[in-house]
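The data below hold one chain only, encoded as structure tokens and taken in the form predicted alone.
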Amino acid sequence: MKVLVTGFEPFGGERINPSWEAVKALSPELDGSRVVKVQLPVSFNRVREILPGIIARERPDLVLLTGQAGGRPNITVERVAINVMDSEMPDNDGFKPEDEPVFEGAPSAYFATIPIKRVVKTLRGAGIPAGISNSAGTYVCNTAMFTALHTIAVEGMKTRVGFIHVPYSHGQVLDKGRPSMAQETINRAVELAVRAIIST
């Protein structure tokens, strides 16, 4: 089994992105499955351009995308991605879409195909705060999730796709007064999520 796990580069003036830090920390093999790790750009256009090619090249059995949701207090497993790009904050390329579709003519939304409740139960069982989120937002994280699910649907693949948002790590909020989580806990959460999905 091959697992493609992605995290994002830093954005919004941050020096790190805890999602990518967690992905980097993953072992190259988990429970007998090969893990392929890819850093995605925080760019609406480049994510839509490169992610389908990565999926086509790797042909993974599972795609687990991860991203930072600064301000959320826990690990959140996303239920749905919507066909909308809309942001008041520009991406790392300076692009700031307003009410634009991710892909013209694509469905309005796709649901995650990983066992989201099992992942949450696994994380909580390990003492990690976690929950289900019904909105991946309309920034690049949602675009990546929608792009992956749309690519799988168009290509007729059986690959499972999911997205996990992680909070700020402690070092990012020293002067913010926002919720955060230890990077080591974020790392463990992503690993446990992969293992939970593999075992399903």
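Small disclaimer: the values here were computed from a predicted structure and weren't measured. Numbering starts at 1 and follows the sequence shown.
There is another form of the same protein, the form predicted together with pyroglutamic acid (PCA); it is not shown, and what comes next is about it.
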item	value
In the predicted complex, segment of 31-39, 136-144, 50-58, 169-177 with a heavy atom within 4.5 Å of pyroglutamic acid (PCA)	136-144
4.5 Å heavy atom contact, His150 to pyroglutamic acid (PCA) in the predicted complex	no
4.5 Å heavy atom contact, His165 and pyroglutamic acid (PCA) in the predicted complex	yes
Sequence-ordered list of residues in 66-102 near pyroglutamic acid (PCA) in the predicted complex, where near means a heavy atom within 4.5 Å	Gly67, Gln68
